[in-house]
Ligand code: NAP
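The data below hold one chain only, encoded as structure tokens and taken in the form predicted alone.
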């Protein structure tokens, strides 16, 4: 702990626990996740694609080697790996008008990645590119993904503004029949679903949201015709506008400074304050970029992953706020835990370090924000890993502008209602011209898991109905009864704060498995029921039990808005151990998913 921090005592811990419990009680709602609604359910708020015009086309009725549902970081990398595995016709489909996923939709002013871009932007060496900024702006990330799609010829068979609605296994043809909302009816040998991390924009279920007569939009559908400017700022259209920004998570932290710079009046509606640590973004040093040697990105990614997972490392190549607080991340992001330490002693040491860190972040608020009442409302009172950490060198400073007002909604459990002219919290109405919802996305909800993409495997078995008896996969990728069907997710797989790296490894694994299946002439790829049961047991026995911790946290997406599920999700020993396990499995046990004789002869 930093020398400038006073020594944490047991009395300090007890006081903090009591304060955290009180702050949590102010914010917990009985409706949990039910407090939100999907963007598409609000007819007065734009949910269609404002960035790319939808082009009519005839329905697709052909056959492709592979279909990849979702053209974000995971789907794009998987399509590339399948192309490298020898597949000629790889079709990407996506709701958006181009590749990019979250980075296609998130074009709001100030948007950047919060993981160092040299780790986060995939396959940099494949296209010979070094990001211009340490934490790249969204447009740089989006254009890089377009460059990848172009390099690997993925636009040839792609279908955008298209959603898969049904997958049905064709027993005789040993392939998937695919139907979409564009009346497509084509077939694919392999299907990969990569559409679940951050794909469905959400809104708060506020009474009267449709009655507001001003301009409203979600940050993933930013209205530059109204605000002026672009993702780099310059929102001159707000110069005479009173603007409400709803939400103070990772999106709000980036949006508020840009809006506050130009709007005549800015109201920031906050339920729970975020942690706001130092960002320290800066342009890439040209000399450093020129000094990089082949393999530099993988080495840097692996180094970061090792530090975050508690694996041995020789030096910290990244040296940012993530790696400085790596020990506090393992409460939620699984990794190595020293078995030599008594669990109670380890928990006490972690809690003391946690409190010292949170005290430092609260002190940063107090020394940055001049108004004491505003500063107090912006201080986060919860354990560090209750929410994904935030980083900014501009957000807190924005509240020193006379035109910016923080509206804390904790005691009213959020916004009370909206009227034709404004936003109401309790008995106070704030008249505004524009409401911007910085309320993010549903997390981890793929079509497979929600049932919006109906999947019928061997014998017409429904994938969604099969989940009722428990989640069963091998390594999180494939399930018994659903040949040649893969999914990308954290469920029964690995996890890390740099999810792009996790997706890179998942894409690589799928590509290698498909390549091996093709080289051996396998009829299809499918694990046995025994293998998926055995893997479910591994997850149950190895995953860290965070339930009690999550119950103490303020509401957020980590704990399903204060109602955490008693569910073991990820492989407990951490991502590096999991990737080693996959490598060993590919070398010794890949036969268990390669069905070479469907009749069993």
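Positions refer to the first chain, counted from 1. Note that the structure is a prediction, hence the values are computed from the model and not measured.
This next part talks about the form predicted in complex with this ligand, which is not shown.
The contact with this ligand in the model of the complex, taken as any heavy atom within 4.5 Å, belongs to 271 out of 107, 379, 271, 161. Site annotation in the model of the complex: the residue of 404, 438, 154, 235 reaching within 4.5 Å of this ligand with a heavy atom is 438. Heavy atoms of no residue among 168, 457 and 524 are located within 4.5 Å of this ligand in the model of the complex. Using a 4.5 angstroms threshold between heavy atoms, residue 562 stays clear of this ligand in the model of the complex.
Using a 4.5 angstroms threshold between heavy atoms, residue 241 stays clear of this ligand in the model of the complex. Although the partner is absent from this view, residue 214 stays clear of this ligand in the model of the complex, with no non-hydrogen atom inside 4.5 angstroms. Put simply, residue 246 is close to this ligand in the model of the complex: some heavy atom of it is within 4.5 Å. The chain is drawn here without this ligand; in the model of the complex, the stretch among 144 to 152, 514 to 522, 185 to 193, 408 to 416 whose residues come within 4.5 Å of it by any heavy atom is 408 to 416.
Annotation for 490 to 523: no interface residues with this ligand in the model of the complex [heavy atom within 4.5 Å].
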